[in-house]
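Okay, so here's just one chain, in structure tokens, the form predicted alone.
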Amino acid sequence: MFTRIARHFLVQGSFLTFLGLISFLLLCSQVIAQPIIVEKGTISVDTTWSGEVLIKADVEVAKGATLTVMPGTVVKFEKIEPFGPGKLYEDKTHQFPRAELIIRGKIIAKGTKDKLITFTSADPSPKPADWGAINLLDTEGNIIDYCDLSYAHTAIHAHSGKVTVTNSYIHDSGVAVGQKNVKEFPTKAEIIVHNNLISTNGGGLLFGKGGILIASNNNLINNELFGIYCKKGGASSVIKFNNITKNGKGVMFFATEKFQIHNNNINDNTEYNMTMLEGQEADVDARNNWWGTTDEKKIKELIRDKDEEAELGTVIFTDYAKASIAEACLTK
């Protein structure tokens, strides 16, 4: 079509008109390519983002409003002064130092396999903690699906929030996913994390203060400090069919009771495959996992519990799997 238009103008001798058309088309393409600039403030009505979005400071989605992020959208956060003028709140208890997307209403970020949604730093030389978090405060019904999240303090954090995180790649952040309950918020923290690649973060999944984590079929690999950290985690949590390998520590426990973790591959972590921290007095039922070996002595060498410190509970690892669990880790 473009060739036909060009021929028409050239045949008619209207070359200057043709050049004008070219300039107009180039101008249109530049306008279309301009990113959406989002300044510090609150989104109070239903809003849709697409293309490229640049967040310049804290942005809050208010109660009753839904932020919809379209497939292929790239959301970038400017690196602002920690707890500086770009922050909406002075409270440091439920906020992160740098620019964050605060969700009190709802976020629906559903990409596709071919068109991931990206949340990342706008810095040309990005580093972990360049931006804060997708920070869910007393909210439910949130969806993060087919997204690529990187260079955050904590990529996704639920302060008494509920969210489903699926089919995503979370990397190069301080912590990939975190959660805790907040007394003044009526919603109870619950995160469903399924079929994600969680790699090269400081830590993978961190949950506590009674929060519930449903984690299945995730690949938690090469996280510097831990794959999963259960810090006063809720007893109704389920951790199954995950591949937890090559992290600093595989799974850590602190002050958690009635917790079960089954049918995972927990092996080849640098320091311990499973460790109890001071204050973990309750036993942990960790049967039916694959530890990388069937040699019980070698399994025990990479578990820290009562045998290493008398005040700790015991990791029960009997009935261990005899081979790697094939159903674990569906991520590609």
Partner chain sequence: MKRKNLIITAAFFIIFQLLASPSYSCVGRVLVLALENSPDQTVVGQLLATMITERTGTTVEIVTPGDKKAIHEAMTTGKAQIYINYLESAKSYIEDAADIADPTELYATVRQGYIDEFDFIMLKPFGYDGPVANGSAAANASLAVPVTTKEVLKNFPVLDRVINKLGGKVDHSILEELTKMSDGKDLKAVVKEFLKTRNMI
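It should be emphasised that the depicted structure is a prediction, and the values quoted were computed from it without experimental measurement. Residue numbers count along the first chain shown, from 1.
A second form of this protein, the form predicted in complex with its partner chain, is not displayed here; the remarks below concern that form.
- Looking at Lys56, you'd find every heavy atom of it more than 4.5 angstroms from its partner chain in the predicted complex.
- In the predicted complex, its partner chain sits within 4.5 Å of a heavy atom of Lys249.
- Contact check for Thr200: a heavy atom falls within 4.5 Å of its partner chain in the predicted complex.
- Put simply, Gly279 is close to its partner chain in the predicted complex: some heavy atom of it is within 4.5 Å.
- This chain is displayed without its partner chain, yet in the predicted complex the stretch 251 to 259 from 140 to 148, 105 to 113, 251 to 259, 184 to 192 comes within 4.5 Å of it by heavy atoms.
- Proximity of Ile37, Phe77 and Ala133 to its partner chain in the predicted complex is absent: no residue of the three has a non-hydrogen atom within 4.5 angstroms.
- Residue in contact with its partner chain in the predicted complex (any heavy atom within 4.5 Å), chosen from Gly86, Pro71, Gly174, Gly208: Gly174.
- The partner is absent here; in the predicted complex, the one residue of Lys162, Lys240, His153, His94 having a heavy atom within 4.5 Å of its partner chain is His153.
- Annotation for 309 to 327: interface residues with its partner chain in the predicted complex are Glu309, Glu311, Leu312 [heavy atom within 4.5 Å].
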